[in-house]
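Have a look below at one chain only, the form predicted alone, in structure tokens format.
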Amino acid sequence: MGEEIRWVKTHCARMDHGGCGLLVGVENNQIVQIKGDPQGYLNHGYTCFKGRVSADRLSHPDRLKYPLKRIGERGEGKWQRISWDEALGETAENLLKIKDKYGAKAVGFGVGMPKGLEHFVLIRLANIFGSPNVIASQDVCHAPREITGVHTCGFYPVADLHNPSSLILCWGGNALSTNEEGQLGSLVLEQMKKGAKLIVVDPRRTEIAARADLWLQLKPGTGPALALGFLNVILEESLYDQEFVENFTYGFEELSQHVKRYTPEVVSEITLVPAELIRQAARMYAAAKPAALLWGNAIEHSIYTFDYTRSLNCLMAVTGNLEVPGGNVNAHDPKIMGLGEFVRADLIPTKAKEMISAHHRIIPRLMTIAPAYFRKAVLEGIPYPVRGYYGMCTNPLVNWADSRVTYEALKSLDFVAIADLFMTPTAAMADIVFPVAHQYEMNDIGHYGIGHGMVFARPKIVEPPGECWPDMKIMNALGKRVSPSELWKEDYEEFLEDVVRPAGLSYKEFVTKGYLKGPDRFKSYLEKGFRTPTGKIELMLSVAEKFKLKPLPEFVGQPEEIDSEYPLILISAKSRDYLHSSYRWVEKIRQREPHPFVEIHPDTAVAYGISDGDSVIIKTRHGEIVQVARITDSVLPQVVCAAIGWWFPEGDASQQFEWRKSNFNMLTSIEKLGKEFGTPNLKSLSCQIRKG
């Protein structure tokens, strides 16, 4: 007779941006059920399908359980099992060899989207090692909104979904399918039940667009023009918050003159959104008190993301929706250890001048390296040679723009080490592979350092299999081998104690509480102003000339010109079933979405002789892939929407699991980059299609 089911409270992670409170049922060191915690701060009992089946990853037969060393050619898929001592020793030896020859900055430390404390242990490892180069996906995820917000407002404006809003303007996001950090779709639905209106801006009819009071189906690539059209209506019709604008903004007159040319009629020609619908939406947003602008990751997938995020910052500001309950707020952290102290930023004081990105004059305060610039350093030695890479929670061969360049970079490096749950296409290119523990197999803290003013407890629930170690433990052990051991912990779990100690808590006490949230401080600008050079919201940037930035946001055209050879506009969308390139090995999820589907309008399908379920070749100027047709009127006739993150775990290991076949990033390029963040075009690409 088995033991009685034991229920443990935790928070979801790595299946999405995480944060849903969970109740996890355990029996004989096995997770037997996962359900939403009704007391969960963010989800109130909701959880998605992939969260409910997330434990299926733990016992998967293909899971990595022991450290591996490459014995064939790089990428050939031939491995030898080695001990932890050997794996750590070889990694340390190679990293130190590169450091001795080229300097510490010749090693890049890579991270994807973990959303746990390991992210910051990795930054600590880089800093203590002496490398200013942490390679992350922030150029296309989070940083454009966060850093632009800091330059414009003095803080990162987060939609407050915990206080009543009169209206939610959901711009380029689909919260009912894929969630931002702490911005769960269940919170949006609760607001709507209480009477909040919903406006959605999206080129696709998404789940959330289908529920909207107004849906603005814009032409892909024209979002900045639409935002400037909203500003035109609000300023020309004097719908702005006059008291806030007069007292707390800088550059209002200049912005007012600047947006005069973006009339609804002009913007309608650009975006295909009817002029009267633009007026109606802008008036609704301006009239709602308060209104929250819930902006999605899609607005960061263009070389013009700086203009896009700036225009939306201005929209929040002129309507007086900043720092008010139910609007967009400055989320303050609870009493926890500060990031700078945790990552030992003091040990690398010249980082901003020495990092790869400094050569490319990226926007100040962005402290990670855009993948495009990292690969340029690897392949061309610009601005200096980079010869080593340690990566965790990341699969750049599939997820970075221009996968061919990533492959060449991984091939050419002197040494690559990867830590992961499974053998991914990127891990297949490594020299050493470390097997990691899953979220449920280690103690962790979630949402630290991502600007949402809260941290969540993720206690260990079951023991990991084989010789799997938490990422934090791996890096703590590696740190002792490549840098002074006194800068590291006797036990890696001391990192957890460090974070919550300022709150007067032990980690165990923090787990009992479940989460910590910082204080609400609305309208603090009345006393202190805003943390910008002028002390006001900078509708026009006062430091534009100093940092070679645009003072005012503008629309300069489509990211790519559409022509007769490539007449269709290609976009992509995240899947509610997967997270980027992860979990295609989880059978229950794969059954729900077995193939990479490309959405094609019925009229377009007829024109190209394509039927539902057909193989479709998608071709851009940069490459071609094959996906499976899904005929739907959720996209415009001139638009096709492809799946992202595809590789095939069941595929040929010697070919890195067929990452070329259906991978969206075979179609993207890093030839053109946005100056401010090093962002490539991931959407609004010109393409052609044909039946496969």
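Just so we're clear, the structure is a prediction, and the values are computed from it rather than from any experiment. Residue positions are given as counts along the sequence shown, with the first one as 1.
The same protein also has a form predicted together with a small molecule, omitted here; what follows describes it.
Contact with the small molecule in the predicted complex holds for none of I135, Y407 and R621, as no heavy atom of theirs lies within 4.5 Å.
With the partner removed from view, the residue among S256, T604, S575, T532 that has a non-hydrogen atom within 4.5 Å of the small molecule in the predicted complex turns out to be S575. Contact with the small molecule in the predicted complex, defined as a heavy atom within 4.5 Å, holds for exactly one of N174, N313, S357, N232, namely N174. Residues placing heavy atoms within 4.5 Å of the small molecule in the predicted complex fall in a single listed stretch, namely 418 to 426, out of 480 to 488, 248 to 256, 281 to 289, 418 to 426. Among residues of the shown chain, G388 is not one whose heavy atoms approach the small molecule to within 4.5 Å in the predicted complex.
At the 4.5 Å threshold, heavy atoms of F664 reach the small molecule in the predicted complex. When the small molecule is considered in the predicted complex, C141 lines it closely, a heavy atom lying within 4.5 Å. Contact check for Y583: a heavy atom falls within 4.5 Å of the small molecule in the predicted complex.
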